[in-house]
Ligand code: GBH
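In structure tokens, the next block holds one chain alone, the form predicted alone.
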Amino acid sequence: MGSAASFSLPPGFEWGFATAAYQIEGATEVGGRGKSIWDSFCHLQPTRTKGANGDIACDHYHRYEEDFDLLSQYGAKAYRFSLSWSRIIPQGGRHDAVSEDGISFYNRLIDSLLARGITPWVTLYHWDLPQGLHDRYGGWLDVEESQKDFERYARLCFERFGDRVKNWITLNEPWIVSIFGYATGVNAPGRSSINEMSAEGDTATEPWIVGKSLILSHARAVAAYDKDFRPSQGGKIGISLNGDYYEPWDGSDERDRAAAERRMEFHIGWFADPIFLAKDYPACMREQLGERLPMFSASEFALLREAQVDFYGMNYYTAQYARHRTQPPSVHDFVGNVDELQENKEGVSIGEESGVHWLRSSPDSFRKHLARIYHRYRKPIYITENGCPCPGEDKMTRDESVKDTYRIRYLEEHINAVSQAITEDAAVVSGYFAWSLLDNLEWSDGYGVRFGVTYTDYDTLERTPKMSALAFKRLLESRMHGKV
């Protein structure tokens, strides 16, 4: 590994930690907050979330000052968090009542961060659709209604917070929302026709409808910001997309090289091509999905052209190998008719195993991913999530968990990959948020998997910094000052 000087980061590089409302806030019935689809999903019987729910979570609602003390201690310059739509508009709709209690809670958060010199990065939607909208018209399954309600919610947030918030993210990981929520059914609202625990849904059609709703909702929020708020507020706005990097399973087989590219088109191009290029979905999607993939009208393309984003928010955790399939795709296929594998034809792993089955550490792939995304979409990249659980961490005591040398190594190698992408691949990468500030509710995985740089005792809610928290501060400061 080279010296810190050879892995320098540019001046002004923004860095900090990230969280999401439902995963940490708790206080689900405080201040008039309405139910979200995750409240409902977490309370289904039999459980779909390993018995876990967000009723208390990390109780950040009552403990945010303590958590922001940690941010200050860790040297964070920025903090990415999400707003709970149903805390602000309990029923969610554009004609529904606004909760001043919810707005004042987020005002307190924003003001507390600014008083500490920490820049807020606000995500409008991190998966927690108001249950009221799902009940009223099917939520994201109604393309017209959902985008109108999302635009009103976004405008309200710009109006009430935009004098102090200058960094906006419209949606977090629309791929996960669409696929896990409406294809496999493992996330809220749990719709699927291939999951035996799901009572309703159509895996062949619903994810693609939801994807269009999310794209247009994002575009309407961006267009509203551009037209009515940017001139006076002077902020920036983007979206956070997830997506693994895919290597061919057999690098010498043209079909596997095509499979790797196709898999990334289905993962990233699905959203990024319309949003960043104002183009139709990738041709390989149109070819495979046919009429199940909704068309964009001329007026919708005009909206996409109008909605100019400022940055690409990248959530990256791991990489995989893609192997082509010879049989025709199933009507339920959403990956581009490929097999996803963690070892290649020679049995070489994509990376070192972590504390969760789907994540292996692959910093070299991260560098390729950054270069590919930047040169394709030509927007500055902010890494809005990157992190890992340590092997076996879900079974560790607090004293064991805080000695998180695996996480320290993961973060260092991925920061080095960022530096190489900037200095050697001419990618523009402007910031990095580690996932996550706290161990928290890991969605359908419950409270077992720990991604935090802070250990959370879920019985006492005591927070304990892990070694990685201060190691990360030293790492970033040395990279930004070019010190060995």
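When you see a residue number, it is the position in the sequence shown, counting from 1. These numbers were taken from a predicted model, which means no experiment stands behind them.
Same protein, other form: the form predicted together with the named molecule, not shown, and the subject of what follows.
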Open item on the list: So, a 4.5 angstroms cut-off on heavy atom distances: do all three of F13, R367 and Y382 pass it with respect to the named molecule in the predicted complex?
Closed with: no
Task: Among 202-210, 109-117, 350-358, 223-231, the region lying within 4.5 Å of the named molecule in the predicted complex by heavy atom distance - done: 350-358
TODO: Name the single residue among N172, S178, S84, S362 that comes within 4.5 Å of the named molecule in the predicted complex, judging by heavy atoms.
DONE: N172
Open item on the list: Looking at H218, R407, R191, H126 here, can you tell me which has any non-hydrogen atom within 4.5 angstroms of the named molecule in the predicted complex?
Closed with: H126
- [ ] State yes or no: in the predicted complex, is some non-hydrogen atom of N337 no more than 4.5 angstroms from a non-hydrogen atom of the named molecule?
- [x] no
TODO: Although the named molecule is absent from this view, report whether Y317 comes within 4.5 Å of it in the predicted complex, heavy atoms only.
DONE: yes
Open item on the list: So, F68 and the named molecule: in the predicted complex, are they within 4.5 Å at any heavy atom pair?
Closed with: no
- [ ] With heavy atoms only and a cut-off of 4.5 Å, decide whether F451 touches the named molecule in the predicted complex.
- [x] yes
Task: Within 422-444, the residues that have a heavy atom no more than 4.5 Å from the named molecule in the predicted complex - done: W435, E442, W443
